[in-house]
Ligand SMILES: C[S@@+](CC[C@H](N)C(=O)[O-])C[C@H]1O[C@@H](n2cnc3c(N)ncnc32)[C@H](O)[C@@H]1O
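Just one chain is shown here, as structure tokens, and it is the form predicted on its own.
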Amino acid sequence: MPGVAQTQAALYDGIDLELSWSERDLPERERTKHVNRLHPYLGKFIPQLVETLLQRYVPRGGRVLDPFAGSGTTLVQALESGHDATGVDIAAFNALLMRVKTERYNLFTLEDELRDACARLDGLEPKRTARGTPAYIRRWFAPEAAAQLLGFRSWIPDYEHADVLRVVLTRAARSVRLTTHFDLDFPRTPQTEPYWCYKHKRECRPVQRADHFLRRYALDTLARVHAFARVRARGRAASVLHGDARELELGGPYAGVVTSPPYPGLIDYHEQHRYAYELLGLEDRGTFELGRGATKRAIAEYTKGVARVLERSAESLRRGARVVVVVNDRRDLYPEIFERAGLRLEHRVRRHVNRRTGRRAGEYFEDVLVARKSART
């Protein structure tokens, strides 16, 4: 079938195969190795991509900046690849995730604390949700599940590694919300009755308890932290800045920027972790997120905002260092963004993105844009 062969050849013409992987070559368990899977997160880098970009564009051992750090994949891979790193994000839960992923732990103490917290679940009496419980929790969790989550939350201040327990708590909360098994990302209304489950191909019931999820994720977290401790480079550290990269002092100097800004109108990075903000009482700065909405005004704000972040990031770089941006620029915004940021595009490579979920149909591509400060800046 020569027509099909030509179409496939044309499709992959110009694709950088070193930055592209099939699902068979790079399955999900490899893309979410060690601490990269401490908590589900939409829109993240894959560590293998960051690893290759660091090898290509950042001098060995050079300090790396990611001003749109998200769940911290750049920081984690930088530590594994022998770099110090700084990550910036406006979302409080993202900053929490990054700190937990990149911290160094006394592993014996961490294990003792996680096992002790789980053991305390055995003595927690099943009860109805107490008065005064926030409306979100009463609405989205069955009474027994809510009581167990709130009980676990009440013990967290007792432990040295409290932030690790907070991530275990929120990961469990995500799984036990009153929603269908196939709609964990952005459920719209609570599911309180049995339903036909498209994921399991049978009738399922909403989750009523949280204790088994808390235990499962506590042990999984411990195993992943141990796995990362074995592969991270000695003597390297990551710092996390919680705030708006348009305004924060970014520090430096850095040997390179490796980042993937949010895509306009695609993901609300605060709303995807609403349960975490409600349970932990985190500050919600969602109105300051770049990429909220796809109106003409929102796109203009996105263009201006991303340009400002990249401009300030470039100011913190060593002379000659590169800014590497991974985007799907279907609106062709980045020529203007780079111009505003005072960046000169050196080259652009395209990568094929393997299917990270079974719901995506068709082909999906990203561009890797490599730039330096232009001569006029």
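Residue numbers here begin at 1 and follow the sequence given. None of the values given here were measured: they were computed from a predicted structure.
This protein has a second form, the form predicted in complex with this ligand, left out of what is shown; the following refers to that one.
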>> Counting any heavy atom within 4.5 Å as contact, can you tell me which stretch out of 241 to 249, 174 to 182, 208 to 216, 188 to 196 lines this ligand in the predicted bound form?
In response: 241 to 249
> Contact between A69 and this ligand in the predicted bound form at 4.5 Å, heavy atoms?
Replying inline: yes
>> I'd like to know whether E289 contacts this ligand in the predicted bound form, with contact meaning heavy atoms within 4.5 angstroms.
In response: yes
> With a 4.5 Å heavy atom cut-off, would you call T73 a contact of this ligand in the predicted bound form?
Replying inline: yes
>> So in the predicted bound form, is this ligand close enough to Y57 to count as touching (4.5 Å, heavy atoms)?
In response: no
> So which of A255, L149, V100, I90 reaches within 4.5 angstroms of this ligand in the predicted bound form, heavy atom to heavy atom?
Replying inline: I90
> Considering T170, N94, T86, S81, which brings a non-hydrogen atom within 4.5 Å of this ligand in the predicted bound form?
Replying inline: N94
> Check Y41, F45 and S260: does every one of them have a heavy atom within 4.5 Å of this ligand in the predicted bound form?
Replying inline: yes
